[in-house]
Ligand SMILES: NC(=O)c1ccc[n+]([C@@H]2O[C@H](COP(=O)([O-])OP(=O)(O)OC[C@H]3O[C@@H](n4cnc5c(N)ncnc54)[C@H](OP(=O)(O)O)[C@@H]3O)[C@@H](O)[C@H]2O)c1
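The data below hold one chain only, encoded as structure tokens and taken in the form predicted alone.
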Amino acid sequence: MDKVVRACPRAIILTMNKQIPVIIFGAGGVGRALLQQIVEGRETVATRNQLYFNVVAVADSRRWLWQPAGMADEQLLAVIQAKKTRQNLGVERPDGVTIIEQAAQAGLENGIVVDVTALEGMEPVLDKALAIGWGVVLANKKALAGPWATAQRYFNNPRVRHESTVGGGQPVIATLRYLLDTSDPILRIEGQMSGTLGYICQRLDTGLPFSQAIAEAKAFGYTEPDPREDLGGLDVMRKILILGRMAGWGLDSADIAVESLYHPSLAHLSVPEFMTASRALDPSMADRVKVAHANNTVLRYVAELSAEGGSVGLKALPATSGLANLKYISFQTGRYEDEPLLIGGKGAGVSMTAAGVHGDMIDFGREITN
């Protein structure tokens, strides 16, 4: 099989493996990394799972490429290159629901819709995909972390996968699902869930002013283009809310107290203005760091949650603790009550996030072929 797949043209590969139509929303860093992994993983996915992901559409926020018969790998690689060089993608796109309807009208079945955007309001698109019997794979957290009344339909849904919404490449969702499947009650969830904020906190340990730590993280590409998206804590809140909802706690964002690391008065500034104004935050943060160090602790941005609610914000951890310098998530459960189950490691970055999405696609594709 291995040698055959290497030598066969696309037409023969398609006849040898189960074709899974795929529509990808998002062609940014994660989207491009996913396309690369789909192309590079053809042989492995075919050999191990007898699957072929037939990408029929790729859409960014304004434009799309649509080919109901599926795009050749050369086309997918061209998409990657075009987006890297900021070229336009295909033609002006219809709305997301129309894209799903167009796929259904083309006779495409048992496909996968992948959302690797950071957009609000993708729920109608996901709902339409589920309604026609497609699977949904998410890296975008927004639908899962929206109001519980609308988000609950995506939980315990056999056609929804979302490993990359929490922990990037770490097997956080899979581990939590295993605990739940084996009837191990979840008592408490905790973790450092932002590599960006972890880096900034570690730089504060060295005496670097807060504003300079932010600027350094931004220069290295660790923050979002607007660092306030990291500093506000909402992304961390969404992550732990998703885990809590999986645990069976019907919580909403209002049940989690979130500490923003910038003052509300800085919210409406442009990014350059904010970077300058952030110097005003240095004295108060330096005082907090000083108090923490006096108590042999360090400040870390930690999320904590139980069935009653939780918090997201700076917490003083023992300086000697291994958790102080680790991006981790821990589950305290009925079986792991005295010593919580810990998942730690890098987990972040576009390649690892894309790998989590790719793995979810394989998992779903394998399931529908059985």
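Quick note: we count residues from 1 along the sequence shown, nothing fancier. All values derive from a computational prediction rather than experimental measurement.
Beyond the structure shown, there is the form predicted in complex with this ligand, which is absent from this document and is the topic of what follows.
Residue contact with this ligand in the predicted bound form: Pro340 places no heavy atom within 4.5 Å of it. At the 4.5 Å threshold, heavy atoms of Gly334 stay clear of this ligand in the predicted bound form, well away from it.
Contact check for Gly28: a non-hydrogen atom falls within 4.5 Å of this ligand in the predicted bound form. For the chain shown alone, Lys141 is a contact residue for this ligand in the predicted bound form, at least one non-hydrogen atom being within 4.5 angstroms. For the options Ala267, Ala72, Ala219, Leu119, the one in contact with this ligand in the predicted bound form, meaning a heavy atom within 4.5 Å, is Leu119. The listed set Val56, Leu51, Ala59, Leu35 contains one residue whose heavy atoms approach this ligand in the predicted bound form to within 4.5 Å, identified as Ala59. Of the candidate stretches 175-183, 133-141, 101-109, 204-212, only 133-141 has residues with heavy atoms within 4.5 Å of this ligand in the predicted bound form.
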